[in-house]
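Only one chain is included here, represented as C-alpha cells and corresponding to the form predicted alone.
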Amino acid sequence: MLKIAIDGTAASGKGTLAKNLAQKYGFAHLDTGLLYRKVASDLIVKKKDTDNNLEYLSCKYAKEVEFSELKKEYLRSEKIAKLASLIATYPKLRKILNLKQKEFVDINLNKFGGCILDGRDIGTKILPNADFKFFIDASIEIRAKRRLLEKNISFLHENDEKCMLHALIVKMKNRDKLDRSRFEAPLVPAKDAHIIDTSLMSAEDLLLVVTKIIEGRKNIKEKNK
C-alpha cells in the first residue's frame, strides 16, 4: 500500500501528474485544494463571503464537506480560487480539512492499494511518512502561459494576450507569496521530496520521470495488467 504526496505551485503540473499516476496505478486521488474551494463556494453561495465571522463560518462549512462534492467543475472559477486562498490561511480551518484529508487516506488506502494526494502541504503536514514525496515547480512565466492556455481563449489580440499574461503573473506571484509566507503549513518542499522543475517538460515527460523513481524502488503493477 503506497502513499504518494505531491506538492507544488499553481499550474506547475502537480494536479495532472497526480491524475495520471492515479490512472496508471489505479490508486485513489484527492486534489486537496478542492476542499478549500468547496468551503469558499459554500460561503459565496450563501452570501457569507464578506461576513465578519469568515473564519468561524469557514470552519462550520468545512465540517460538512463531502468528498463526493469535490468533482464539480464550478469549483474552478477564479472567484472561488481567490477566496479559497484567503481562507486557507486560517489555522483552525486547516486543522479541520487536514483531518478530512487523512480520513480520505484511511478510507481508500486499503480499498485501492494506494493513495495520491496533491496540494501544498502534503509531504510536510498531511503525509509526512509518505512512501514517495514530490515537489513540482516551474518558472512563473511558464506557469502563467499554461494557465492562459487552460482558459482556451483563441480570439485575443496580441496586446490583449500580453496584458492578460502579465495579470496572471502578478496573481500567481501574490498567490505564491501568500502560500509561502503562511504561518500554518507554508508551501515548502519536504526535506526528503524529489524536487522537479517542469518548465521544459510535458505532462508525459513528467509522468515518465516520476514513474521511474517510483518503480525503481517498488514493484508496482499497472492497473488492468
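Quick caveat, the model's predicted, so the values are computed rather than measured. One rule holds for the numbers: they count along the sequence shown, beginning at 1.
As for the form predicted in complex with cytidine-5'-diphosphate (CDP), it is not shown, yet the points below apply to it.
Here is the short version: of Ser58, Ser41, Thr32, Thr198, the single residue with a heavy atom within 4.5 Å of cytidine-5'-diphosphate (CDP) in the predicted complex is Thr32. Only one of the listed residues (Leu148, Ala84, Ile140, Val105) places a non-hydrogen atom within 4.5 angstroms of cytidine-5'-diphosphate (CDP) in the predicted complex, and that residue is Ala84. Heavy atoms of Cys115 never reach within 4.5 Å of cytidine-5'-diphosphate (CDP) in the predicted complex, leaving it off the interface. Although the partner is absent here, Ala88 lies within 4.5 Å of cytidine-5'-diphosphate (CDP) in the predicted complex, judged by heavy atoms. Proximity of Arg94 to cytidine-5'-diphosphate (CDP) in the predicted complex falls within the 4.5 Å heavy atom cutoff. Though the partner is left out of this view, Lys48 does not reach within 4.5 Å of cytidine-5'-diphosphate (CDP) in the predicted complex, counting heavy atoms only. Partner contact region in the predicted complex: 172 to 180, out of 64 to 72, 172 to 180, 190 to 198, 159 to 167, criterion any non-hydrogen atom within 4.5 Å of cytidine-5'-diphosphate (CDP). Shown without its partner, the chain has Gly119, Arg120, Asp121, Ile122 in segment 118 to 133 as residues with a non-hydrogen atom within 4.5 angstroms of cytidine-5'-diphosphate (CDP) in the predicted complex.
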